[in-house]
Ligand SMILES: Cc1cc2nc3c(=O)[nH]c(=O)nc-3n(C[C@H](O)[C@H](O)[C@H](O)COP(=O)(O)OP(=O)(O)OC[C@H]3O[C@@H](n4cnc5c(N)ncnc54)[C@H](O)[C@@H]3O)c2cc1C
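Quick heads-up: it's one chain on its own, the form predicted alone, in structure tokens.
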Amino acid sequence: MTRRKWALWLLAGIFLLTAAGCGPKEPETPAVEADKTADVVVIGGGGAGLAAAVSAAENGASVILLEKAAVLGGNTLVSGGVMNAVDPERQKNVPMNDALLNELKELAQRDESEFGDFAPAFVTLKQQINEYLESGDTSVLFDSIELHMVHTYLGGTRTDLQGNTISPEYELIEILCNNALGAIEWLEGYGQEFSDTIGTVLGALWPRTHSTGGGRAYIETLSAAAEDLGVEILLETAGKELITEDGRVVGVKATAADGSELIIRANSGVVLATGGYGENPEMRAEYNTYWPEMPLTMPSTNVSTVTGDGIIMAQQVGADLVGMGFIQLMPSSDPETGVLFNGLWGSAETQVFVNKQGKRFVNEYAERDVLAKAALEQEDGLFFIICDAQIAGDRNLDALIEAEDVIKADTLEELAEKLGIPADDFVAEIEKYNSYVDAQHDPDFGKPNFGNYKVEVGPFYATPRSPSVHHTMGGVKIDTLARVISTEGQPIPGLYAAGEVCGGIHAGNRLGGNAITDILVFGRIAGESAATKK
């Protein structure tokens, strides 16, 4: 046999062996053996994660929820627990005042070209305002879905230090505001109670804020619902890496408290609800493009587990990020620890801020970034929230006063002395502020809403405050079904997200009270989408 024929026979033999499955072939990725399997796996046990878990279970899915900490709750647990929703029934209990009426009139004079993608909502709002003004009865608070949307747009549209402007995504905000009241009713169906009145939490811009008495109420309600629906909850279990097969997210590698690795597979979908990166100073400093300085030592209101884990995991499977340079500072935090709950104040209508010179320095009804920027410009970045006995109400303040978190005095002069600020200037400033309440007009800083709260009845109180890191605006990009979007602009199959891990909703600055609304509305959507493989 010639050498040429031998070569041909050899090639034919190799071909036949390969065709028969005996020859070499491309290696296949072996299926990962799972320690646990469920239809839906939720990573994160705060408000968004629990809402997603309950929603997925409501839609017939088996659910496993992983929580990094030893307890459920995340940032929701340590939040004030207030949420915004347009509520026609509750707003009937809120009287309209001249300041709010003037604000509506001024808003109606603006041109739709100022509102970008939100122009359609503004056009509808303008019609609503005119109809309200022409009705002849402006005694009861006006509110609408479109006003909530426009406030979210105005409060969230910001330009960073590099000249980049960001605005909330219209379709996401339309869903947020239209489904806010439904989220309240959903929770009420599980037994959660809300106050019959509404007010304005700091930075909310309008009286549409509902109160539960604290964030714990959401966690207790949702965790009880999850337990009743059979959700399996694994505490001290941190998600570390998303598992993908054929381009689809099918599970997560996690680490238990003892350091062992768990493989948890998801038949239908994985929901990221890990929160933002407020407790990751290096990550904050890396991404920040909004604040001139972002010291690694700046205090945070966040729980220690909120370190950007979900954002990092999502990036590893090709997720797109949006708005990462924008971080919200809470102006009214403890100067030393950053915590929120060791002070005394009422809703935004009642709050009076004075600096170490005893002077007001800002419109206390403004957005949180506006307030924080103004506070950082004061001596030592410090200011005091001033209250009187009427605003304090019947709250027991003994522990706060003993810890010197709240300073109490029988007179304004005595309070100034205890604070080390000029008494004459301070007293004159409070008297001037009270005159603005009477006139319902603030010529100094343009505060639009005072209610009818003056600081005039002793004893008087002061709470020292300073800005701290509160909420990270940026995160993974999602669509209206809470599907995570890739850098190529397409949904990543099997991956969903809700809560502070997401970007695009609050843009450059979050309205006070919109975070709880966000986690509930999009938590429910993410759970349903994952359960039904949308």
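So that there is no doubt, residue numbering starts at 1 and follows the sequence shown. These numbers come from a predicted model, not from an experiment.
Although it is not shown, the form predicted in complex with the named molecule is what the next lines describe.
Legend entry - Option from 383-391, 430-438, 267-275, 451-459 whose residues, in the predicted bound form, bring a heavy atom within 4.5 Å of the named molecule: Checking each option against the 4.5 Å cut-off leaves 267-275.
Legend entry - N302 within 4.5 Å of the named molecule in the predicted bound form, heavy atoms: Heavy-atom contact with the named molecule at 4.5 Å: present for N302.
Inset, instruction - Please check if M313 has a heavy atom lying within 4.5 Å of any heavy atom of the named molecule in the predicted bound form. - result: The answer is yes: M313 has a heavy atom within 4.5 Å of the named molecule.
Inset, instruction - Decide whether V40 counts as a contact residue for the named molecule in the predicted bound form under a heavy atom distance cut-off of 4.5 Å. - result: No, no contact at 4.5 Å.
Legend entry - in the predicted bound form, A482 touching the named molecule (heavy atom, 4.5 Å): No - in the predicted bound form, heavy atoms of A482 and the named molecule never come within 4.5 Å of each other.
Inset, instruction - Would you mind picking the one in G323, G251, G155, G74 that has a heavy atom within 4.5 Å of the named molecule in the predicted bound form? - result: Looking at the other structure, the residue within range turns out to be G74.
Inset, instruction - Name the single residue among A238, I166, A375, I145 that comes within 4.5 Å of the named molecule in the predicted bound form, judging by heavy atoms. - result: By the 4.5 Å criterion, the partner-contacting residue is A238.
Legend entry - Residues of stretch 333-350 in contact with the named molecule in the predicted bound form (4.5 Å, non-hydrogen atom): Counting only heavy atoms within 4.5 Å of the named molecule in the predicted bound form, the contacting residues of 333-350 are L340, F341.
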